[in-house]
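Presented below, as structure tokens, is a lone chain in the form predicted alone.
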């Protein structure tokens, strides 16, 4: 087994490091202050060839691997910003359309996701459900060549940004309650499509998670993704990939927390010596490093298996079960190493600690993933 990255992957990781220094770090304070990122952020990703990563070149993509997406997300995670999320959403939504879309759908919707002219969204969650397809209340009713959509979607990332998204709706013409969810590609500029103000979270400032309101929105039949009634299966495949991407972002957060702690331990003097000479601090740093290494290897392995076409539903759930608490613990130890300063917004570890908290409840909860992985062992 070869644990070395290919020359291409090393080049992409280095390009991602340079991108973060040039394009992300200078705008981080502004993102937090405005609770928003610049409209042209996607264009910057597109120019750096970080969109449409697994999409073939014939549709405007790069034609590379999921592993290389993970390497970029890890670097973005190290910045402790939300800039990873629009990049993550565009890549994962494009991959979903590539896998399930007809040739016409792929030709219409993939190029804008690759060139940065459209912000992608994926929308399943509603006020009363986050994982149960039978509890959806946002409906799609057939009307000639269109469907009429009414209802509310909750916590939709980039739902207020120009572009389109994959929306999972209750297909009113299908009576089978176990399979009446259909995936539709919805233009976010459609008449009757409106959004709330962005939700305010304890972290992830600027992520632009909004409620989406449908009032008699017309969606063409030609915008159906995959087969009618097969929406939940499409969603499960997408969210499995999202869990791997989220793990990569978390690895980046954890690595940044370790880097900050090492630097602080060298600079902070205790009785005339760097704090890092204290055995207790060294033990914490060693534990942090071990946890991050394990999380990184598991994440890379999952991405490589995804590239090989292995079914990743259970694998990605196992990954989330391990990586989320491990990195949350790493950021907690980083805060502890910094003492009272770690609780101050003047230090990066305060933000890393808050941002790491999201992973237990976003992209499916940790409890749901324990059920997925546990039930798979008994089948």
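Numbering follows the first chain given and starts at 1. All of these numbers come straight from a predicted model, not from anything done at the bench.
The following text describes the form predicted together with a small molecule, which does not appear among the structures shown.
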item	value
Contact stretch among 296-304, 183-191, 110-118, 152-160 - heavy atom within 4.5 Å of the small molecule in the predicted complex	152-160
Close approach of residue 124 to the small molecule in the predicted complex, 4.5 Å, heavy atom	yes
Partner proximity in the predicted complex: residue 13 to the small molecule, non-hydrogen atom cutoff 4.5 Å	no
The small molecule contact at residue 9 in the predicted complex, heavy atom, 4.5 Å	no
Residue 89 within 4.5 Å of the small molecule in the predicted complex, heavy atoms	yes
Output flag, 204, 364 and 367 jointly within 4.5 Å of the small molecule in the predicted complex, heavy atom basis	yes
Answer option from 130, 276, 226, 198, heavy atom within 4.5 Å of the small molecule in the predicted complex	130
Listed residue (288, 209, 256, 212) with a non-hydrogen atom within 4.5 angstroms of the small molecule in the predicted complex	209
